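This text opens with one protein chain seen in two forms, each one given by itself as structure tokens under the names structure 1 and structure 2.
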Structure 1
């Protein structure tokens, strides 16, 4: 007669451990959902303030988007045209990214692959300190240092222009691009590097042909966050662009951005007025621009994955 099999030993976790784990899971879920709720709430508040002017029959959306005439305080002929500010925002952001992305990705590659551990820690501290500088301080730098420098180097009539703001935004976006770009490169498995070395690839060939393609999604996220930092910046561009409502034909001409326009005029309008509603409509437009940038990046990432 066969002997009965011994019962398996079952280890039961204490009830408080299970309860703590479920509480942490619930907290994480609430944090994730709250981010969506907060973004939706912000958009609802901005759109609610802008809706009366958008629904008004006297407000022309085409004139608002495609006119360069911005005269909100005119007595006889009030005009709200933001085309010049849209072009100014895109010009400053595009130039800033053209400067920041090569330096940011290059800095991330250097920190990840070529830097010694001691120097890496020192440079990361410096980069974090660069990110800690307030935007108003960057604005003062543009207003005093960069302004005089551009006038001296390029014989510009005014040093507060597209190039001034782009240089500041590039410096402000660099810490984000470098930090997230380095994390994306570090996340690439070491087996990729070992396989590249085994095939006889040099260090630069391994970076160009192995690491950058493997980390492209993370690097794209770093660039996008840099774009978001540049588009949403207010005080620095307010102080460094010259604040002129015009479409720039060169890098040394003053412009006005959408965010700077809201910051400069919101304190002077009466709540509930037409001008007040139009400024919130500009906020809705900024939401739309940010959404299009994120959507284009998401489509690009999905296309690369396929």
Structure 2
């Protein structure tokens, strides 16, 4: 047995160790707060460039939101109505979701309930890689592959239209829907599944009657995040929608979206001009739309956790 140590041993950290720790913790705190500042900053700087036009008498918010006339460079009669682009964004997003949601939820169910663990890991890696393809490459594929495909299949005059962009957006939002959807299904406790199986249900009946209702909120969040991605997507729709400012009357009509409009015109406007400021105003509008969609998705996820 050792003799007892003289006690208490006085431990003392050297001052520089304490000071270093303080400094690091201060740095960590600053970084944490920077996130908030950045969100505020994004809104501030985008809004700051947009603000002068909002205050100007030449600009009416009603006309901006509800007119389809977009003639920003007209010499005699300048018009800034973005309704056609709002409709364009909605059309492309809606069609994309109509394609992506059944496939996405189906894929999520397959991954979480039907396939073997090994296959699941492989598929998840592939889907992760699908998510990694840059949007400009998707746009390029729309411009070349899908364009040719649509012209051949539907005998369309131009292959750059609502359907083209929607196909691309569907493929782009699928990875999000599948992975978030799979998380949502995985979060349903196994006891639910066991209860379903114990009652003699087949796996499909169990999915249909038990899992889908139980994972409702999470699946909703998956879809909303997909919508957020589709609404905010720029390069793919810029290259694949065909660029016409009009209310589409069919799936094969070219349109223009809010995002594509900013990307295509910002390069040509002179800084500080009305047109420039209107483009920033569209940015504010987009910021608002995606903010709401993401907030809704966040609420849906939390609803699930509760």
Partner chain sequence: MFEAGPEVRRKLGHERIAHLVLAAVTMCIVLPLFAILAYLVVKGWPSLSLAFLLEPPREMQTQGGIWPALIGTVYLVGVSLAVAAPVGVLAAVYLNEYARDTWFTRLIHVAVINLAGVPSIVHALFGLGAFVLAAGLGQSILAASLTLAVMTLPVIIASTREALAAVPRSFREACWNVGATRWQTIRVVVLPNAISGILTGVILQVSRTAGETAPILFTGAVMYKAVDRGDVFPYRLTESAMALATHLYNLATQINGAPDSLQFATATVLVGAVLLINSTAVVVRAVLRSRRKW
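Remember, predicted model here, so these are calculated numbers, not experimental data. Residue numbers count along the first chain shown, from 1. Just so we're on the same page, rigid core means the largest C-alpha set that superposes within 1.5 Å between forms.
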Students should recognise the form predicted in complex with its partner chain as structure 2
Would you say whether residue 40 is displaced between structure 1 and structure 2, judging by a C-alpha shift of 2 Å or more on the superposed rigid core? yes
Taking the rigid core as reference, the Cα of residue 19 travels between structure 1 and structure 2 a distance in Å of 13.6
Here the CA of residue 292, compared between structure 1 and structure 2 on the core, is shifted in angstrom by 4.5
